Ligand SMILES: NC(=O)c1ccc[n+]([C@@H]2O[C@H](COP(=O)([O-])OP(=O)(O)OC[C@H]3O[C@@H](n4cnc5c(N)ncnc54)[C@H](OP(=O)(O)O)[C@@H]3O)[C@@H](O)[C@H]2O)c1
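Just the one chain here, the form predicted alone, laid out as structure tokens.
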């Protein structure tokens, strides 16, 4: 069963529009920055001029946009002159420094880092869930959530609306592309070394990922939770606007290049059956239902790579729930570079500026 695909705007629609925008992509040479450029082009976002920006060490590199090579410029105050949309994927430090500069210059700023996510004056937005939150932005900045949080809330939004989720148990299986191009190259090198029986070098990874799993995010000494897990707790609550939701996450890095997977069990205030959940998810924006497990049909990272939609399957009753309690288990997979980062940022701009 497959349904609920996000429909992409066509170029014909864009040509009929008169308004076009000067767009800056900060961190344009990174994996997410390049995906932002591809997403803008593929979705026919009305760009009058593209301004790829990066650190001075990456300045002068060429990136591809709309069939042409465009030179990357060093990020500076002058670089934001006339920019109307600024998409950031340059890390928390540069975002703290340059997002306010871009906002002061008049740009609609969408930041993909963790720098602004929990700032009470910065909306944390997933368009399928809470686009209206992005319409009020005291600092002129909108935050993109963590990649794992994005795909989680897209899938759970219709279930939360129908049955009110009170608790979420989630274990993630996160692809290495979420750690950057260097981590991808290191995994590929480790896999070659493993196959050849050679000593395995860490490279840009914090451990041996080839043939292995890692839990390697920064650890909070007070709780012993990884920062990636804490993000999922607090971001989910902020996006849903409900601090009473209890979230119990475990995040794991797996030797998959692209596509995050999540095993999720929810407890709900009101009863909801797997059949009702499937019906809701089949119509949910940004969701593709892949749920015929008896026939071997369920979401896999290979299915999600390059897709806009979050894939959902294995929807079933939670057989471990307490007597009288309500709950479901499900499996969620998404492209962490696309919907988990670049696409979500572009969709925010589309929703606010184009009404898409």
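Computed from a prediction, not measured in an experiment: that's the story for all the values here. Numbering follows the first chain given and starts at 1.
Beyond what is shown, the protein has a form predicted together with this ligand; the following relates to that form.
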Quiz prompt | Listed range touching this ligand, judged in the predicted bound form by heavy atoms within 4.5 Å, from 26-34, 318-326, 40-48, 303-311 | solution = 26-34
Quiz item: Within 4.5 Å of this ligand in the predicted bound form, heavy atoms considered, which of 186, 251, 113, 268?
Solution: 113
Exercise. Could you tell me which one of 232, 155, 147, 99 places a heavy atom within 4.5 Å of this ligand in the predicted bound form?
Key: 147
Quiz item: Is residue 345 a contact residue for this ligand in the predicted bound form, using a 4.5 Å heavy atom cut-off?
Solution: no
Exercise. Using a 4.5 Å heavy atom cut-off, state whether residue 64 contacts this ligand in the predicted bound form.
Key: no
Quiz prompt | Contact of residue 127 with this ligand in the predicted bound form (heavy atom, 4.5 Å) | solution = no
Self-check item: Partner proximity in the predicted bound form: residue 236 to this ligand, non-hydrogen atom cutoff 4.5 Å
Solution: no
Exercise. Go through 319-346 residue by residue and record those having a heavy atom within 4.5 Å of this ligand in the predicted bound form; state none if no residue qualifies.
Key: 336, 337, 340, 341
